[in-house]
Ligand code: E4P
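Only one chain is shown below, in structure tokens, and it's the form predicted on its own.
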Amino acid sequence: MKLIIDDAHIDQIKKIYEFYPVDGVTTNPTILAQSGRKPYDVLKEIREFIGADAELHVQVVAKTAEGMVEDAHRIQQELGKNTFVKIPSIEQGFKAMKILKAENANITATAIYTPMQAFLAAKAGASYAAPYINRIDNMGYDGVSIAQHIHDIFKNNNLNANVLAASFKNSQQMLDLAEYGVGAATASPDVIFALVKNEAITSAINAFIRDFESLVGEGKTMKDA
């Protein structure tokens, strides 16, 4: 399962890249608005940092299929042809996906709440389908189960698409999907930073250090032994 950052703050992205094995960045209009900067200024900075080959997902905002395609062309022009264009999984979006697929564009179907949306998006040419795990939970359904269901639909129908699970509230949801083998998960910096925050882990490491220092001296490590 690929691990992707869902954020547009370059300082947070750089910090996560320093420590974690991540595969790219996803953004959406809300995330870009939270940055308080011009969209392409932010996105170009992210693209420059993560490199030309890393995954960058950027969402269209237009309401019509024609407008979505125009947005997609601008996104690709500014950020590279290989940028994943996020298209909402609605009627106009499916139309736009078919047009962009004919141009060999990378497409991420977004705003997915149901397996049928994901199925139609994959049929229309999407490489990824992004179900909103936590938002689905808040509607009274099981977001992890729906993402797993979508994964099975893709495999059982030989569709060339993967799940890109989004909107997490905890690391257990990500672990469940990693165990199931979905294609990718994108999470906010807070969720990623919390993946290995555990008092038991910290306590065990500190105990090892104390025991070693009792043997060789305070502040000493294996290079000093």
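Source: prediction; values computed, not measured. Note that residue numbering begins at 1 and tracks the sequence as displayed.
As for the form predicted together with ligand E4P, it is not shown, yet the points below apply to it.
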* To do: Please run the contact check for Phe94 against ligand E4P in the model of the complex: heavy atoms, 4.5 angstroms, yes or no?
  => no
* Any of the heavy atoms of Phe119 lying within 4.5 Å of ligand E4P in the model of the complex? -> no
* Asked: Hey, in the model of the complex, is Ala166 touching ligand E4P, heavy atoms inside 4.5 Å?
  -> yes
* Asked: So, in the model of the complex, is Arg135 in contact with ligand E4P at a 4.5 angstroms heavy atom limit?
  -> yes
* ligand E4P in the model of the complex: contacted by all of Glu55, Ile107 and Ser127, heavy atom 4.5 Å -> no
* Structure fact -> Counting only non-hydrogen atoms, the one stretch of 166-174, 153-161, 61-69, 44-52 within 4.5 angstroms of ligand E4P in the model of the complex is 166-174
* Going through 1-37 from first to last, which residues have a non-hydrogen atom within 4.5 Å of ligand E4P in the model of the complex? -> Asp6, Asn28
